[in-house]
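Presented below, as structure tokens, is a lone chain in the form predicted on its own.
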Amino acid sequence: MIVIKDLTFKYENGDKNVLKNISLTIPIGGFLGIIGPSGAGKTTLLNTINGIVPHHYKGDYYGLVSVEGKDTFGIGLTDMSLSVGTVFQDIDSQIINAVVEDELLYGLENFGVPPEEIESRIQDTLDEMGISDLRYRNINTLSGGQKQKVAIASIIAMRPKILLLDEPTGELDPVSSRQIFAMLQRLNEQYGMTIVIVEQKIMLLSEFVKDLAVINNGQLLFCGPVRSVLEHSEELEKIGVNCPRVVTLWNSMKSAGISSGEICLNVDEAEQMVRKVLK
């Protein structure tokens, strides 16, 4: 379980608080998407969970972040990385080896995975990511999207209890983006992995995650099941978060008094709603 209580943080030499009195609980096996406009504090919030804030990025830190019952303020980054895996937004800063296979091998060996498991971990992860053909490629020859898949694979292979991802589909096309989210959903459901993901593609988040958190100006505006958060589409649009068009349609029809029931999250649900109204 991840517990964040009354968290406020300002970077060293910063002129304002980046996070402001945030309280949030993410249960074991949770799948949380974090959305908000650029500069809202999403990445900083993610980095308080893995301990990068305040151990690497220092500043004025108040409140509590607890991961599996341990206060991250008092735990070193190495100890945190044993249970928390992170895929950063800057992929090039995360990759440290020249060959794809070595990138996956590095983490598995250093975290003490039994030698007899390593080969299956590598191959299974590459297969799941759809990049088995890249196994022996030099990473410098890969495209941005391919590098992103390799970076994700290197973390997934270690099967962390908690997985944090900062805009992991930024370099990926729509098909690959859905592939990544489907894989994350399988990890969440099959292994009970707790997943927290910062992402701009709200349509994908709405389809795959269990809960949404909305951050703006360092404050937590909304947090809860996807449908309940998206009912606030007008407020989200005002802060620069573009909701899925089916959500906007549902809210407009509800405001006009011509629709009711659960909010639509995809085209199929929107079609059913429209057909029902037309009848």
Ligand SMILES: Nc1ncnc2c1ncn2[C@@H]1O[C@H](COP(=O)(O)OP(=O)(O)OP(=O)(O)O)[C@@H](O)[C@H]1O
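Numbering starts at 1 and follows the sequence shown. Keep in mind that this is a model prediction, so the values were computed, not measured.
One more form of this protein, predicted in complex with this ligand, exists but is not displayed; see below.
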Inset, instruction - Report yes if any heavy atom of E171 sits within 4.5 Å of a heavy atom of this ligand in the model of the complex; otherwise report no. - result: no
Inset, instruction - Report whether the minimum heavy atom distance between V18 and this ligand in the model of the complex is within 4.5 Å. - result: yes
Inset, instruction - Check whether N50 has any heavy atom within 4.5 Å of a heavy atom of this ligand in the model of the complex, and answer yes or no. - result: no
Legend entry - 4.5 angstroms heavy atom contact with this ligand in the model of the complex for Q89: yes
Inset, instruction - Determine which one of 221 to 229, 40 to 48, 243 to 251, 25 to 33 lies within 4.5 Å of this ligand in the model of the complex, judging by heavy atom distances; exactly one does. - result: 40 to 48
Inset, instruction - State the residue from E101, E167, E207, E128 whose non-hydrogen atoms include one within 4.5 Å of this ligand in the model of the complex. - result: E167
